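Just the one chain here, laid out as structure tokens, in the form predicted alone.
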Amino acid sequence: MHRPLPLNRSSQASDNSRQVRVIECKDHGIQSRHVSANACKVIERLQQAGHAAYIVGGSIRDLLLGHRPKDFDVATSATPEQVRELMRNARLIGRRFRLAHVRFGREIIEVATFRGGGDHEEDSEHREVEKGRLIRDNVYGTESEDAQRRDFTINALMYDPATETIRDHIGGYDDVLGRRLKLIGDPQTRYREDPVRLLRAVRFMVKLDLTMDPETAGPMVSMAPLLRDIPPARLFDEILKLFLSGCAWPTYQALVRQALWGELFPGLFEDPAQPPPLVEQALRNTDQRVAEGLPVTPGFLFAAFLWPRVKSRADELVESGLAPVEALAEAGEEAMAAQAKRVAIHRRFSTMSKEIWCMQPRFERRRGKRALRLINERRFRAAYDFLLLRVLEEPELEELAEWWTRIQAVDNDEKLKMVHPGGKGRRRRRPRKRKAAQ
């Protein structure tokens, strides 16, 4: 059972140590119809019970920038236990940050208690720091302290649906309008507290088309090695956010500039600033699919990222006598095992990548029923798209790729002619009848 967390000393005093700027609706222009009705219900219930409560974070930033938020988070003076008492559809989660999740059908409103700095000795039980990195931080604070302890100024805005006003404690409103990305506090300290902020900085800069503050950008290259201490599973989640939001190619370029790519995928490319054409085009194609509302999968991107390593190793194994498909399977296992030390790729995505690789030699077999069966296999389309990318680096595959492109477009009769160019194939010989025994 979790014990109630302490209220930070400074939060026991008045929260007027920093003057909050209140921006009226006529100035900020956010329309209430664009805000989650369920988040407003949570806030109304909390405020009616005497607690301060606001919509916070990226949703306010996105609305000001003209984007549609994916979710709406709430910050409140109520403790998680008080939130659960007020809302039966709430459940408490988390260790590092104790939170309440309030479910409305498929929508979940995340409710967090205002956090404080936790600089006092009696708070050490609830705030754990290891080599400058926050391991656990469950110290309650005030509204102002909560704004101060967020990562970037643009994420520290608070919106009160009851008054339709924005509350700005840290200058984030002007930074949003000026499209500036700026860390709150000393950048080195903030990156050391949570190195994933290095990746978040790149993601926000590229996705929202922001200019990074020089002080925020300054220490990034030198602090990039801090990512080695982040659990591989957490880095996988960040990879998805980085590369599947429609800005994969510019995000890759920014990661390389800040020396972050090499920490996520060490040693893959000879010169990350000039990645293989297959990789660049895979990233560009991903962005195009997102723009067109088509599905994208990280399994395909990982297949592209790791292909240079897999192909090189598979070629070695083929030379040693292994069959091409078996060589690719073994090389793929080795590449995935090595990559898992930095980024833990979920099994369903790593399996997809390996299937794409192992289907490549099968495209060489264009005769008979095996070719027709290949078209109907589950991973055919992804493997075929991968073959098209390979043509960028292996021009000798162009005729092969064109053949597979054509066979998908023709009718069944023409398909049969393509896989049996000399007719409908060899006629099976009837078994000879055995002579009756004399």
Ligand code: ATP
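Keep in mind it's a predicted model, so treat the numbers as computed, not measured. Numbers follow the displayed sequence, beginning with 1.
One more form of this protein exists, namely the form predicted in complex with adenosine-5'-triphosphate; it is left out here, but the text below deals with it.
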property: Partner-facing stretch of 321 to 329, 81 to 89, 279 to 287, 144 to 152, counted where any non-hydrogen atom is within 4.5 angstroms of adenosine-5'-triphosphate in the predicted complex; result: 144 to 152
property: Contact label in the predicted complex: D315 to adenosine-5'-triphosphate, heavy atom within 4.5 Å; result: no
property: Non-hydrogen atom contact R203 with adenosine-5'-triphosphate in the predicted complex at 4.5 angstroms; result: yes
property: adenosine-5'-triphosphate contact at K70 in the predicted complex, heavy atom, 4.5 Å; result: yes
property: Partner proximity in the predicted complex: R197 to adenosine-5'-triphosphate, non-hydrogen atom cutoff 4.5 Å; result: yes
property: Sole residue of R228, H101, R234, R366 within 4.5 Å of adenosine-5'-triphosphate in the predicted complex, by heavy atom; result: R234
property: Candidate from K241, R362, R179, R257 lying within 4.5 Å of adenosine-5'-triphosphate in the predicted complex - any heavy atom; result: K241
property: Sequence-ordered residues of 46 to 66 touching adenosine-5'-triphosphate in the predicted complex, heavy atom within 4.5 Å; result: G57, G58, R61, D62
